[in-house]
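Consider the single chain below, provided in C-alpha cells and representing the form predicted on its own.
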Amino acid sequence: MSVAAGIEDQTILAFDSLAARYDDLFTRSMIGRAQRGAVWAVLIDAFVPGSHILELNCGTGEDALFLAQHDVSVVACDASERMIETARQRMQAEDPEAPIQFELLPTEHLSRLRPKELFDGAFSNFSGLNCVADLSQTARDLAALVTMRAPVLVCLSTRFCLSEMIWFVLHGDFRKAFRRSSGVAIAKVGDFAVKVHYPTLRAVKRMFAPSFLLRSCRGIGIAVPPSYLEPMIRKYPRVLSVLRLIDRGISRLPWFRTIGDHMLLCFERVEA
C-alpha cells in the first residue's frame, strides 16, 4: 500500500502535475520571491543556527535549501512523490552537502514519523496546510514531535484576500472574488480538483490549542498581490518595490494581517 493511501488522490495528483513547473510558476516569479522573502525574514529569527526542524509540505525544497544555508538542518516532508523527487534533484545540483532529509510523507500521516530526537521547531509554508481537512489532528501530531517552547510557523491562505476580491470585482467575476469566503473551495489545478480550506485566525488558534500558544501573526501579500497577477507585475516592476514597502509597514496591524494573500502564524509549544 502506498504511503499516501487514504489521502485524497486528486490533491496528490494535482501537486505531482505541478512539480516540474512549480519553480517557474511561483518560486522564481517576482511575486513569489517577494512573498517568500517576507516569510524568510521571520524564519531566520525563529530558527537559530544549529536548529533541527521539521518542514511540512516542502514542495520543491526552496525553503529547506534556504534554511540549510543558515546552518539549520531540516527533515522536509511532502505528500507528492514528484515534488520530493524535484527537491532531491535540486539539492543534488545546488547544495549536495546540505543537512536536509526529504521524506515522502503526507501531513495526515505525520504520526508515523519516528525521529530519534524531538525537533527544535516546525514549519509549513504557502498554503500546504490549507489542503488538510483536520488541522486539530495535525497540531496534536506536531505537539508530540517538537520540544517544549519550540517555535512552529504556519503560513496559510486567508479567508478574505482584499487584493483578490478587488481585482475580480473590477473584472466582473464575483464568484472568484468571494471564492474563499465560505471557508471551503474547490480549486482546479490542471485536470484535478483540490479541496482547499480557509480557516480564520480565530479558528486556527482554537485548533492548535492547548498545546500551542499563538505568539504573533502577520500578513503576507497584503499589498503584494497573489501570484496569478505576475504578468501585470512584470510590466511594472517598480510598483512591486513600493508594494513590498507597504507590506512591511502594515503586516502586523490587527486588521491588515488577515486580509493578505496569506497569514504567517508563529506558535510556541507550551504545556497543555
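Since we're looking at a predicted model, the values are computed, not measured. Residue positions are given as counts along the sequence shown, with the first one as 1.
If you look for the form predicted together with a small molecule, you will not find it shown, but the lines that follow are about it.
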What I'd like checked is whether 63, 107 and 125 together line the small molecule in the predicted bound form, meaning each has a non-hydrogen atom within 4.5 Å of it. yes
Should residue 80 be counted as a contact of the small molecule in the predicted bound form, where contact means heavy atoms within 4.5 Å? yes
Just checking whether residue 161 would be counted as a contact of the small molecule in the predicted bound form - the rule being heavy atoms within 4.5 angstroms. no
Any chance residue 222 has a heavy atom within 4.5 Å of the small molecule in the predicted bound form? no
So, residue 256 and the small molecule: in the predicted bound form, are they within 4.5 Å at any heavy atom pair? no
Exactly one listed stretch (201-209, 55-63, 232-240, 214-222) reaches within 4.5 angstroms of the small molecule in the predicted bound form by non-hydrogen atoms, and it is 55-63
Only hit among 153, 75, 146, 131 for heavy atom within 4.5 Å of the small molecule in the predicted bound form is 131
